[in-house]
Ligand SMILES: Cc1cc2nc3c(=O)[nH]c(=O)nc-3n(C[C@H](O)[C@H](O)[C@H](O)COP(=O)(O)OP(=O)(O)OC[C@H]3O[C@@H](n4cnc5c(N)ncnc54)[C@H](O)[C@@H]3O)c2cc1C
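First, one chain by itself in structure tokens, the form predicted on its own.
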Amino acid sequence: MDVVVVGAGVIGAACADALSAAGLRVTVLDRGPLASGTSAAGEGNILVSDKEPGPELDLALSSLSRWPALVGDTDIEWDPKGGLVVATGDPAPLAHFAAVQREAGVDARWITPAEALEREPHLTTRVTAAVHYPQDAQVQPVLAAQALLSNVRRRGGVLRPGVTVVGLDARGVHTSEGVIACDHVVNACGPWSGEVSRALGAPIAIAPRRGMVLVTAPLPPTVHHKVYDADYVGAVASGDADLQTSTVVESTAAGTILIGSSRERVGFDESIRIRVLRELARKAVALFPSLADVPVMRAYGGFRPYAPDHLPVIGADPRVPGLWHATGHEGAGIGLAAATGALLAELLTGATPHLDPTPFRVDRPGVLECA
């Protein structure tokens, strides 16, 4: 093989798709079933609304433009629902944030509280201001990853679930099923990228950041956009290890309502914390009072790949020839996947990158760890 991609979530799938489209022979490995890790626990958001101007927003805008063409007519439950960010206190911070986003090319439309209630009739009347983001969209993340992997298989690529990577040397990638000879290896293991990078001999500082989601019983149409409180942006950007919650409410094609979001650095502890669920429910009802009597069908959690400076890691590892990383997207992996795959493939094949790759380089402060 030319390239072995380790990790069959949406980032690994996007990298494999772009590499195989460039004519390379690709094998995708995952120690579990395909797309069963972080991608399976995500909400499927493709957002520009939560990103301040800078490299991540540039990556998000590029990715947004690429998603439809990548999957073609495949049903991934693409829903260009748009986002609605609301303030229930001082509207000035939200107004400033939207203004600088508009300067960077984001379609951020300031609307009045009355107009917000027209868009979301069940929204609290305590809203003081709102911004509508028509570019925000949602997909079913497992279907999206599987669509990309189907592209790889159709081009002759090999998909191998249930295979664990244990090392790398001049002969190739060492796995639980033997050695696979290859020229390049891409570490796209999400929150497990730190662990896998150590096995590959080039540690990077990617850690898990736990999140939880409540899922209601199916309802008649109740929430029409991705709606979140303005403090969500601050929670995303924070590096605090302690629990942080902010209100995020959206519907799915099945009629259920997804309620988030929480962020907590607790390692790979998978325990369900009632206090987290209680806080999510309390804040959701404050934003949508009609949810107070709606039954919760289930709750689940997952791990986001956290990088210390909150930027993805995309590029070659300077310590091990042929080793590449595509990880650290935290909760934005679905939305950033398409452009991440394209950028990684451009760098690996020597093509001109469509974005400046410098902010995402592996050898930046805080990312490299001493072996």
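Computed from a prediction, not measured in an experiment: that's the story for all the values here. Throughout, we count residues from 1 along the sequence that is shown.
What comes next is about the form predicted in complex with the named molecule, which does not appear here.
Would you check, heavy atoms only and a 4.5 Å threshold, whether residue 68 touches the named molecule in the model of the complex?
Result no; residue 68 lies far from the named molecule in the model of the complex.
Examine residue 45 and determine whether its closest non-hydrogen atom to the named molecule in the model of the complex is within 4.5 angstroms.
Close contact exists here: in the model of the complex, residue 45 approaches the named molecule to within 4.5 Å, heavy atoms only.
Would residue 341 sit within 4.5 Å of the named molecule in the model of the complex, counting heavy atoms only?
Output for residue 341 is no: heavy atoms all beyond 4.5 Å of the named molecule.
Residue 39, heavy atom within 4.5 angstroms of the named molecule in the model of the complex:
Result yes; residue 39 sits at the interface with the named molecule in the model of the complex.
Establish, in the model of the complex, whether 57, 81 and 312 all lie within 4.5 Å of the named molecule, using non-hydrogen atoms for the distance.
Checked in the model of the complex: no contact with the named molecule for any of the three.
Of these, 23 to 31, 317 to 325, 57 to 65, 342 to 350, which stretch puts a heavy atom within 4.5 angstroms of the named molecule in the model of the complex?
This holds for exactly one stretch, 23 to 31.
Quick one: of 182, 87, 149, 163, which gets a non-hydrogen atom within 4.5 angstroms of the named molecule in the model of the complex?
It is 163.
Of the residues 203, 113, 191, 91, which one places a heavy atom within 4.5 Å of the named molecule in the model of the complex?
After the contact test, the surviving option is 191.
Taking the named molecule as it sits in the model of the complex, which residues of 280 to 318 have a non-hydrogen atom within 4.5 Å of it? Please list them.
The stretch 280 to 318, when checked against the named molecule in the model of the complex, contributes 302, 303, 304, 305 at the 4.5 Å heavy-atom cut-off.
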